Ligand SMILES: Nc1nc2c(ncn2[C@@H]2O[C@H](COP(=O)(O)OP(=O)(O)O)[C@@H](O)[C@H]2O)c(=O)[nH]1
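For reference, the chain that follows is the form predicted alone, supplied as structure tokens.
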């Protein structure tokens, strides 16, 4: 059977299988098989497809992900300067619409992408083009209709099959190819798959001689992810929209259930009625994992109106590189006031790790 025939056979089986809790796992396996064959077909044809052309700007980028008519465009219009076409029917957004949210001194690019649909992972609705945008985002904000909360699980499942892992870290597994010697495994006391299963999976990847080290409990899916360089790991929150259309207790119950089952923050909002938008902004900012650093020139006052937005756990040297990439190597030291030091104007080196709200004066060699 050719790849094309196998692809068609799997798609036919998928289309005939109705979605419910009993078939969810089977559908997920089918989508993974279909996605694998689609990648192989793309490589065979020498093409990986064309994504949307999006230029990243600002301090961070957020992708709004949801099914059609979930309320992404309304939310974008509420919190940014974007003008997104909004209508009360599906498929309103046909391209990527950017907007800029200014919050806590940060300029956050918000991207309203076309609504993801079930079956995106098998080629429906331009799923691969949509993923090209999600891959450049710093976080995902799922927009889910409170009247259909199971949308969230379907979205996560579709993205999984499209090689996007939500709120997950890359598996801590080290793989070293060798010229001979077969497969050696070091489990370090962790619970890992049986050796024959590991050898079989590595064989599918044409890896017959390797040293495998596990630094965590792991499944075959974890090992499969460690072998795949196409996977993107991204943090996410959920915006449970249209809460104005349901009972308040019901919305609260759904939010708590989604938080418990997915492990991600869930904010109840109504884009149409502009309810809880400030909470949504705060949740987005918090999930971005950034901090504000206030620059203070020598002998002058700190600029408290325009903070430098930088990743949490960044060092003084990271600040110097962001400000003066060509002269960062001339950094001598810095004077820091704030939570990361014991006293104001403390002298620190380039390796000193900063905290949100610190004031920094950089000193360079002339």
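Since we're looking at a predicted model, the values are computed, not measured. Positions refer to the first chain, counted from 1.
One more form of this protein exists, namely the form predicted together with the ligand; it is left out here, but the text below deals with it.
Chemist: Give a yes or no for residue 104: in the predicted bound form, does one of its heavy atoms lie within 4.5 Å of a heavy atom belonging to the ligand?
Modeler: Residue 104: no contact with the ligand in the predicted bound form.
Chemist: Does residue 132 reach the ligand in the predicted bound form if we count a contact as any heavy atom within 4.5 Å?
Modeler: Contact check for residue 132: no, nothing within 4.5 Å of the ligand in the predicted bound form.
Chemist: Does the ligand come within 4.5 Å of any heavy atom of residue 282 in the predicted bound form?
Modeler: Residue-level check for residue 282: no, no contact with the ligand.
Chemist: Would you classify residue 185 as touching the ligand in the predicted bound form, given a 4.5 Å non-hydrogen atom cut-off?
Modeler: No, no contact at 4.5 Å.
Chemist: Could you check which residue among 70, 63, 336, 316 gets a heavy atom within 4.5 Å of the ligand in the predicted bound form?
Modeler: Filtering the options by heavy-atom distance leaves 70.
Chemist: Of these, 109, 276, 151, 74, which has a heavy atom no more than 4.5 Å from the ligand in the predicted bound form?
Modeler: Spelling it out, the residue with a heavy atom inside the cut-off is 74.
Chemist: Among 242, 245 and 271, does every residue place a heavy atom within 4.5 Å of the ligand in the predicted bound form?
Modeler: Yes, each of 242, 245 and 271 comes within 4.5 Å of the ligand in the predicted bound form.
Chemist: Heavy atoms within 4.5 Å of the ligand in the predicted bound form: which stretch in 166 to 174, 198 to 206, 218 to 226, 263 to 271 meets that?
Modeler: So the stretch in question is 263 to 271.
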